[in-house]
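First, one chain by itself: the form predicted on its own, in structure tokens.
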């Protein structure tokens, strides 16, 4: 393999990693603060992609940037409704009950998506400024893929700044450590949970919106992405945003290697990555071991 081809494969891996990180960051943030494994997170991703396709098909390709901002906000609003009406009722329940509740939401949201958008696949064209490719020696690489990588870096930097320098971020980190103590100090934990869940839904919607021009959009998106997102979160460590970033890179690289070495077995490589990491660190790369 030439150096140019290797660079292209690595950039492709980073594109996969970037798209996975955006959705996995919201998933791990919700789990870290609220201790809920939200299966419906994949539905928010799918809704983000479908909303972009609806806005662009209604107003034309020039509306892509508008849809990139509006679609995640609509998904965040849906997330608020879900958290207030359903999840607040299961916070004090066991994990199995919470898992069943989010799985029920996943099924309901999938059915609503099918009824609203139908079963036909959709496509979203990339904006003109991001269409085409850049030359890398004798090879070329799509400009939009580079945009996805840049968007993931921007999301990561924004979350780092939020958690490190803002009062909301400090409260989220405090909720991860001890939500009861945070409530005893006067923080409205219920409102904090709603905010965190809305932020997680926003990131899922943004992930779907960003990736819309790169793939066919259909009602199976939710199921296909949630498995990969959970693998990323498990590899990185439940509740760790930094772990989600590293986990996404590992999954992206393993997937790229699978395509290069044994294309027919490529989907299995991400499971291999998870097995290898969990053998070395059962709590994930950045996860803390559970104490009893």
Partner chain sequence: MGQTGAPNNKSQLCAPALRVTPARVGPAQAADPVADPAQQAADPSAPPLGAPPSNPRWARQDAPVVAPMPAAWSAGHALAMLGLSTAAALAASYMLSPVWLLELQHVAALALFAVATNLLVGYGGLVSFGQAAYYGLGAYTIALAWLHFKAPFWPAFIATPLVGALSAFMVGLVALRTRKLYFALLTLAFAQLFYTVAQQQYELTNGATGIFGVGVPAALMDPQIGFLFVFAAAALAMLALWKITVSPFGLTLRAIRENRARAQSLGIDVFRHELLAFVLAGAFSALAGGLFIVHDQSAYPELLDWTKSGEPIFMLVLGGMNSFLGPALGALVYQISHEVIVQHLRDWQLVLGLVVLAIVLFMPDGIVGLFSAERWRRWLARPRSVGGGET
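For clarity, every value in this text was computed on a predicted model and none was experimentally measured. Residue numbers count along the first chain shown, from 1.
Missing here is the form predicted together with the partner chain; even so, the following discussion is about that form.
TODO: Evaluate residue 60 for contact with the partner chain in the predicted bound form, applying a 4.5 angstroms cut-off between non-hydrogen atoms, and reply yes or no.
DONE: It does not: once the partner chain is placed as it appears in the predicted bound form, residue 60 has no heavy atom within 4.5 Å of it.
TODO: Report yes if any heavy atom of residue 149 sits within 4.5 Å of a heavy atom of the partner chain in the predicted bound form; otherwise report no.
DONE: Flag for residue 149 set to no.
TODO: Indicate whether the partner chain has at least one heavy atom within 4.5 Å of a heavy atom of residue 18 in the predicted bound form.
DONE: No, residue 18 sits far enough from the partner chain in the predicted bound form that none of its heavy atoms falls within 4.5 Å.
Open item on the list: Test of understanding: in the predicted bound form, would residue 103 fall inside 4.5 Å of the partner chain by heavy atoms?
Closed with: Yes, contact at 4.5 Å.
Open item on the list: Partner absent here, but in the predicted bound form, which of 194-202, 179-187, 127-135, 150-158 has residues with a heavy atom within 4.5 Å of the partner chain?
Closed with: Selected range: 179-187.
TODO: Tell me, out of 110, 217, 78, 172, which residue has a non-hydrogen atom within 4.5 angstroms of the partner chain in the predicted bound form.
DONE: Only one listed residue qualifies here, and that residue is 110.
- [ ] Sort through 68, 51, 256, 234 and report the residue having a heavy atom within 4.5 Å of the partner chain in the predicted bound form.
- [x] By the 4.5 Å heavy-atom cutoff, the listed residue in contact is 234.
- [ ] Would you mind checking 89-103 for residues with a heavy atom within 4.5 Å of the partner chain in the predicted bound form?
- [x] Result: 89, 90, 91, 92, 93, 94, 95, 96, 97, 99, 100, 101, 103.
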